[in-house]
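Quick heads-up: it's one chain on its own, the form predicted alone, in structure tokens.
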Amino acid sequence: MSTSIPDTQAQVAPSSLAAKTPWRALLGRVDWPLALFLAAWFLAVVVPLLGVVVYSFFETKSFFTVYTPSLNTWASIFDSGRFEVILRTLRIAFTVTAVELVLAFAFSLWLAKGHASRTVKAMTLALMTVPFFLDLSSRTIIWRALLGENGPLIPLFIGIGLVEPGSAGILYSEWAVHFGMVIALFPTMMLPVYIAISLVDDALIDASNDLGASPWQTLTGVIIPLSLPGVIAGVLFTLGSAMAAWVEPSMLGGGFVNLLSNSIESAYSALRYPVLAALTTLIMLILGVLVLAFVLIGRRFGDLSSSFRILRS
């Protein structure tokens, strides 16, 4: 008894399989956990940010939002003198980030490649995580007493010429805001830099020394290029946090050092939500431009992708 397939089925079956095979192959190549994570991230983070951008083109009249697209809110930002606030925010954020980078890189280099024991490393890293368990306001308010007119740090500041004898201290000044930010954001810069330096292979450092390179040449030719991913991550985390900081300017600046975050808080209190959205969008644009600038500058000093491949290996 013959079991041959009819001619019509024999012609249809291969064509239908050929049509399904590319889809099945494509679905088989998709990394579903990663795809689901990216989809959730897009819905939870990107979509609200796009909503903020759209909201910035509305305006507020008599405490009510007028949902008619216009550029009035954006024009009011620059007409109200906030351009000076933007420049002050960028200046303080860049200064704090630069100071943090120098301090954190030197400290991380000592901790990762110095003669620190494992116990010291473990205790130091544990201490660096302590600030994340405390509210920033609680950690900042103590500096008001230390930086004030009768604070114990004033003789030190007089000794280094930071303040004049008999002055009222550095509280309610940009110096106090810088000081508070440097203290608060040090773990944010130090931890990614330390991880990147720790992953630099000691054999590469030993080879550089064996070839006659000086410590400075080993630092600039081996350690810094291979730790660039951690440096860039630390710079972005610190710079973003400094631009969005509002506790230090409020508690240590005393209303005399207004930054963009204070303008956002003021707009929120006055129910001017389109202004709040426009200021938030402006911060995102500035950070986006800075990230692009860092990437372009990083390419001039080396291949960033090769550094990431070394860290991944």
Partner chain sequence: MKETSVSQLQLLRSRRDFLRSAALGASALALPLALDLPASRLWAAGPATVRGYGVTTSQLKDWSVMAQSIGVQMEFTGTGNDVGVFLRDVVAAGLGDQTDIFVFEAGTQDILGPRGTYLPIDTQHPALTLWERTPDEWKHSRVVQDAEGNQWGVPVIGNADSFGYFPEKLGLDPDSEEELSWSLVFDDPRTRGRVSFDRTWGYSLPMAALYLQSKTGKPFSNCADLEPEETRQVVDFLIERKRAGQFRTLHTSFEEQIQLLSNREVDVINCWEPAVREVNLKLGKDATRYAYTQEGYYKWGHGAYLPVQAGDRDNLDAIYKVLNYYLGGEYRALQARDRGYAGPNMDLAVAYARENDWSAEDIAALEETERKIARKFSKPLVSTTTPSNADSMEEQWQRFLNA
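Positions refer to the first chain, counted from 1. Since the structure is predicted, the reported quantities are computational estimates derived from the model, not experimental observations.
Keep in mind that the form predicted together with the partner chain is missing from the display, and what follows is about it.
Proximity of W32 to the partner chain in the predicted bound form: non-hydrogen atoms within 4.5 Å are absent; the residue sits far from the partner. Residue contact check for S70: none of its heavy atoms lie within 4.5 Å of the partner chain in the predicted bound form.
With a 4.5 Å cutoff on heavy atoms, A39 does not count as touching the partner chain in the predicted bound form; it lies far away. For the chain shown alone, I141 is a contact residue for the partner chain in the predicted bound form, at least one non-hydrogen atom being within 4.5 angstroms. D79 is the sole member of D202, D79, D135, D210 with a non-hydrogen atom within 4.5 Å of the partner chain in the predicted bound form. None of K121, K113, R88, H178 but one reaches within 4.5 angstroms of the partner chain in the predicted bound form through a heavy atom, and that residue is R88. Here the chain stands by itself, but in the predicted bound form one stretch of 22 to 30, 280 to 288, 49 to 57, 252 to 260, 252 to 260, has heavy atoms within 4.5 Å of the partner chain. Within 4.5 Å of the partner chain in the predicted bound form, a heavy atom is found for all three of S62, S266 and S269.
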